[in-house]
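Before any questions on binding or motion, here is one chain by itself as structure tokens, the form predicted alone.
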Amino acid sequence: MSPMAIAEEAKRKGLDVIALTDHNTALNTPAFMSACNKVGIFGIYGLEITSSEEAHVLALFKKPETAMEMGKIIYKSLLSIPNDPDKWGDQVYLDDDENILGEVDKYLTGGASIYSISELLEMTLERDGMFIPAHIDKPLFSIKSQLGFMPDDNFTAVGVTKLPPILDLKGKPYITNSDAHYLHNIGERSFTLDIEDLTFTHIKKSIKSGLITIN
């Protein structure tokens, strides 16, 4: 899924806002910003980080530069397990014209960072981002599978795949998303925001306030 292909498919599916969250890297976010601008869709820039507890969490930011800064920290903290393209696929990052700029050496999906959920939350919020534990109800790589309970941390929201939620959310707002790894999965699950204006600040405010309708 190239950044342009993702943006074009999201536009075709009628989505207004979409986030790019590759596993443990944000190197494709600059190209994704360009793609979103070209097709007329609002982009959010982040990464899906594997915490030290081996739970997947989303760190979302207003600018690709901030996402890439976070990505450098996370990448440095991963174990040096080399990627095997024949087994796990290519890990390339592109420029605005869909040309390959380079390939990531470490295997991104399999390794966990050295940072805990609480540490990643603090790192994200101090960069004015949104922090959302991903697919918390999945049997692998989720808060439910790794912790078995909902921490009291000040998450922006939590991500669910099933309704009603099967874990006590302790009053936290929740969202759902497609968690798309293939183009045809984009838009399978989505939500609608009650929002004043289409900006990152208003999106964050609406999500945190729970002004959400699950589609």
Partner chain sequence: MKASDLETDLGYKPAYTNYPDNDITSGFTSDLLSDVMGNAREESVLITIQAHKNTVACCSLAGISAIIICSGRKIPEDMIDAAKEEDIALFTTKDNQFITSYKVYGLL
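Positions refer to the first chain, counted from 1. All values reported here derive from a predicted model rather than from experimental measurement.
This protein has a second form, the form predicted together with the partner chain, left out of what is shown; the following refers to that one.
Colleague: Answer for residue 151 alone: is it within 4.5 Å of the partner chain in the predicted bound form, judged on heavy atom distances?
Modeller: Within the cut-off, so yes.
Colleague: I'd like to know if residue 183 sits close to the partner chain in the predicted bound form, meaning any non-hydrogen atom pair within 4.5 angstroms.
Modeller: It does not: once the partner chain is placed as it appears in the predicted bound form, residue 183 has no heavy atom within 4.5 Å of it.
Colleague: My question is simply whether residue 53 lines the interface with the partner chain in the predicted bound form - judged by any non-hydrogen atom within 4.5 Å.
Modeller: The answer is yes: residue 53 has a heavy atom within 4.5 Å of the partner chain.
Colleague: Is it the case that residue 138, even though its partner is missing from this view, gets within 4.5 Å of the partner chain in the predicted bound form, heavy atoms only?
Modeller: Looking in the predicted bound form, residue contacts with the partner chain do not include residue 138, since no heavy atom lies within 4.5 Å.
Colleague: Partner absent here, but in the predicted bound form, which of 115-123, 128-136, 92-100, 67-75 has residues with a heavy atom within 4.5 Å of the partner chain?
Modeller: It is the stretch 115-123.
Colleague: Suppose contact means any heavy atom within 4.5 Å; which members of 130-149 contact the partner chain in the predicted bound form?
Modeller: Contacts from 130-149: 144, 145, 146, 147, 148, 149.
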